Ligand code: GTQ
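Here we start with a single chain on its own, the form predicted on its own, put down as structure tokens.
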Amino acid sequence: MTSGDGSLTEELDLFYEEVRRHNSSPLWLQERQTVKTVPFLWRYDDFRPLLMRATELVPVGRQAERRVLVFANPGLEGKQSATSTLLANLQIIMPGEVAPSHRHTASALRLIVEGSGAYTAVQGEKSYMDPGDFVTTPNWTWHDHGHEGQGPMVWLDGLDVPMVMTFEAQFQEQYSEDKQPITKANDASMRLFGAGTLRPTWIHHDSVHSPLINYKFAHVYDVLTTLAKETDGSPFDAITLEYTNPLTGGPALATIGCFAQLLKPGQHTKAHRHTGGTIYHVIEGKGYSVIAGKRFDWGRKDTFVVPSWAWHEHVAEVESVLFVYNDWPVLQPLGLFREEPYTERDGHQEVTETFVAGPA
């Protein structure tokens, strides 16, 4: 039996060294993992000049398939992503350009920020895009982008790449040509499945993702404003609609939950928190959010992130429409989703500081 503290310490050190030589470590010495994603906001006005400069310096093609600026959360050191599971990027394409066709196991979404005349082609179907449209490119589907209009076309990319890489399931393949062959009528999926409550009986769609490519903003906004005449919605999330698979009622993408949220002028939601890092993009409007006691002022086309299990609430100075996406479809079936309301100060946090955007 060992006697004396010094002798015991020496014996423990020798024991730990032996454990390390066997590529192991004692659980009781490991620190608990803490949440690293921090609340953050990227202003579109800061990024648009950078995007335009990129069009002068970086041609789109096989060398640079996508002209994209990635939003990097400063809390995720060494990891270029908005949250620990999701990417948020800005992509720009100019008239006449084609972003070559490829496919990958990561699922992707596009939320159109500005421009018209560009399209996304998915599995032989073209869909032309307008600001506010939510466009899906599900995992392992061929997709390319082209611009047949005038002026720059910019959209927000959302992908589950960090999640897929955690599973070590990331694969990608290039199509043999820049453009895939178009084998279907433009927006055929909208005519087949866009009614929602009516399903074509002769079409079989067995994939886990939605058969719809483009959820048009004009329709979404019409539904949001119609509901706003009748209700304020949830005290925490105001009037929020989920983009769903019209065949199953489940999420449009198997790994990414996507939503449209309307805040009435002057509306101040109550604070709550939930698991799942959440990314917000301001389609229209102006206001601010309080995230973990910090105020983030946002405006049209800005993007911000609420980390998992962070208190958050929103205030709209004018009518505001937000596009929201998160990793809930993965958390919920695994029993990892939980949420709770903020019960102090009538449901509103105390603001302790204000976020200032710009270079670090």
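All residue numbers are counted from 1 along the displayed sequence. Since the structure is predicted, the reported quantities are computational estimates derived from the model, not experimental observations.
Omitted here: the form predicted together with this ligand. The next part is about that form.
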Practice task
Look at the stretches 275 to 283, 97 to 105, 205 to 213, 111 to 119 and give the one with heavy atoms within 4.5 Å of this ligand in the model of the complex.
Solution key: 97 to 105
Completion exercise
Picking from 38, 330, 68, 292, the single residue whose non-hydrogen atoms come within 4.5 angstroms of this ligand in the model of the complex is 68
Handout entry: Interface residue in the model of the complex among 252, 135, 159, 238, criterion: non-hydrogen atom within 4.5 angstroms of this ligand
Key = 159
Handout entry: Any non-hydrogen atom of residue 267 within 4.5 angstroms of this ligand in the model of the complex
Key = no
Problem - Distance check, residue 139 to this ligand in the model of the complex, heavy atom within 4.5 Å - result: no
Exercise for the section: Considering only heavy atoms, tell me if residue 147 and this ligand come within 4.5 Å of each other in the model of the complex. Expected result: no
Exercise for the section: Mark residue 127 yes when one of its heavy atoms lies within 4.5 Å of a heavy atom of this ligand in the model of the complex, and no otherwise. Expected result: no
Exercise for the section: For the stretch 73 to 96, return the residues whose heavy atoms include at least one within 4.5 Å of this ligand in the model of the complex, in the order they occur. Expected result: 89, 91
